[in-house]
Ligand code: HEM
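One chain is shown next in structure tokens, namely the form predicted on its own.
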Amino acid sequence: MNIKKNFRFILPVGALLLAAVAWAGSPQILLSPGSGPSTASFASINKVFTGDWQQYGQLFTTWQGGLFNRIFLLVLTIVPTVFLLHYIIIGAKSFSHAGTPIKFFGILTRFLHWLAALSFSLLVITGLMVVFGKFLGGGALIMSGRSVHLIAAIVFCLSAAGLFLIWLKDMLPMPHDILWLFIMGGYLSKKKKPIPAGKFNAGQKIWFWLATIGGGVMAWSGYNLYSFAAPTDQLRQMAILHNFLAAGLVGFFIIHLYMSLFAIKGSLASMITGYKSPEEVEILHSRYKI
């Protein structure tokens, strides 16, 4: 009997204590709902506890459930197709290797670049594994890819920070970059004419700043998504931002691969040996001062 009496006493007191705690955190949740519809009052109270899930939750569910798959699929098909047509119609540029090679990249730069290239490649591969996880069966494979994604992100951030310090001065925009963009770097022509570019052309600068700033935002949002170090609504926004930036970075990554491996014969060798041929520098980097 005493237990029942105590319970009858504790129950209302406990309810009052919970109400007091709720009032301290968000006083508006205990205000009178007023004359408005009860459903509107419930939505107002629910928003305090769960955030505006109707705004971001439904958007996140819709986009995450199909839109991003289609966006990445379009990037992975359209961008390579465009460059395949470029290679077939216009072809790669080739330059003579006669004369004294010109030093372009130091050993530290090359080391950091290859470290960034390897880690970024892993980020792309594992990121796409997560995006298309349901088509790969999910499970341990995707979870392993997620772990590799995290490690690759740390390595990329460290190597990219080093490259940022080394290349910052050469990557600043210059007036001749506008001319480079206007003629698309001469890649739409088979003729070899001097191109307005310094050590790096406008396309390389765009890739540098996108990878640096975009990569920084990706690292910040990725950290929060991995650790859940933010409210639910913010995590949903970060996931949407992370996916959109990833699609853009994957597209530019494919462009960078094409330019390095196919658009210019022997271009990749400069990041191995550190040297470029005099003719290549004269044509593709005509504003570069040795």
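Keep in mind the model is a prediction, meaning the values are calculated, not measured. All residue numbers refer to positions in the sequence shown, first residue = 1.
What follows is about the form predicted in complex with the ligand, which we do not show.
For the options V75, L128, A211, A153, the residue carrying a heavy atom within 4.5 angstroms of the ligand in the predicted bound form is A211. Between the ligand and the residues L241, L257, L67, A230, the one pair within 4.5 Å by heavy atoms in the predicted bound form involves L257.
The stretch from 91-99, 188-196, 203-211, 138-146 that comes within 4.5 Å of the ligand in the predicted bound form, counting heavy atoms only, is 203-211.
For A117, a non-hydrogen atom is located within 4.5 Å of the ligand in the predicted bound form, even though that partner is not displayed. The ligand in the predicted bound form is approached by W167, whose closest heavy atom lies within 4.5 angstroms of it. Contact check for F83: no non-hydrogen atom falls within 4.5 Å of the ligand in the predicted bound form.
Mapping the unseen interface onto this chain, I71 falls outside it, with no heavy atom inside 4.5 Å of the ligand in the predicted bound form. Residues of 267-285 lying near the ligand in the predicted bound form, listed in sequence order, are S267, L268, S270, M271, K276, E280, the criterion being any heavy atom within 4.5 Å.
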